[in-house]
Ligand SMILES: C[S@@+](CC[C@H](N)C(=O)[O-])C[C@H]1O[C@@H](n2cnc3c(N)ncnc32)[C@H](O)[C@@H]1O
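Coming up is one lone chain in structure tokens, specifically the form predicted on its own.
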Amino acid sequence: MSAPSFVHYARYYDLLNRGKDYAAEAGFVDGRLRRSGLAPGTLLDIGCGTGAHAREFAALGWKVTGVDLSADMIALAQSKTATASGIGYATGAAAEFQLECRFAAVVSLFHVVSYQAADGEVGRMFANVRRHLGAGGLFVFDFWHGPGVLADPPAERVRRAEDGRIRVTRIAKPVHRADECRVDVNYEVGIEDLVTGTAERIEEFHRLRYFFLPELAALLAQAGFVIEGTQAGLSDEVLTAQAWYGLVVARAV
């Protein structure tokens, strides 16, 4: 997804995702980090959006910094985050941001890795994550899982949500480019103002790449990681060929 898309996307992002259980997802990742030997310490959330996961991690005892490509998303995150939480935010691309510190853990959720669709981009992201991790630190991320995407190809979907002020209808029209392990998603978004009765239409373009585990393992090894575990998304289920979403836990070596 290009940066200009985020200008509009930030306006209705939380509304479309209000059914997402951020507390449960953060709790699952927190448990996974603890099982791998990490007590709550410093944590970097890459692709933090409006800060929903970051706030949940902070509530679990982590000292959190959130990074996102979109300045609009970061502005919303700051407006939603209490100063006393101690969460810091910064703007930057996943493969390019530079912070003057290292972290005990890095997480990147909601398929941020799959948005690194340009040639070499995910490798640059992994190298950048490694630069921001202390030795033995953990990197947890989810992604679109190639076998699952091929088993159940993307199809047109419609999503609707409203909050009493606006009503959003989003139509996703994917184009599957299997030769490039990529899905180009064209979004048509209708936003109705329920107070004034006005309406507008927005078009967005999201490009996502799906990955296969051997490819990810090679890219992680090149960046200085070893995979400690894989799962089917944010669950304890085994990552099978039918799973659309995968989760990787990698350790910096």
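Everything quoted here is computed from the prediction, not taken from an experiment. Note that residue numbering begins at 1 and tracks the sequence as displayed.
The discussion below concerns the form predicted in complex with the ligand, not included here.
The stretch in contact with the ligand in the model of the complex, judged by heavy atoms within 4.5 Å, is 45-53, chosen from 45-53, 197-205, 30-38, 219-227. A heavy atom within 4.5 Å of the ligand in the model of the complex is found for exactly one of 109, 168, 76, 104: 109. Put simply, of 191, 60, 185, 69 only one has a heavy atom within 4.5 Å of the ligand in the model of the complex, and it is 69. Proximity of residue 244 to the ligand in the model of the complex: non-hydrogen atoms within 4.5 Å are absent; the residue sits far from the partner. Although the partner is absent here, residue 115 is a contact residue: one of its heavy atoms lies within 4.5 angstroms of the ligand in the model of the complex. A residue is said to contact a partner when one of its heavy atoms sits within 4.5 Å of a partner heavy atom; residue 18 fails this definition for the ligand in the model of the complex, lying far away. Contact check for residue 94: a heavy atom falls within 4.5 Å of the ligand in the model of the complex.
Contact annotation for the candidate site: 12, 143 and 152 all lie away from the ligand in the model of the complex (no heavy atom within 4.5 Å).
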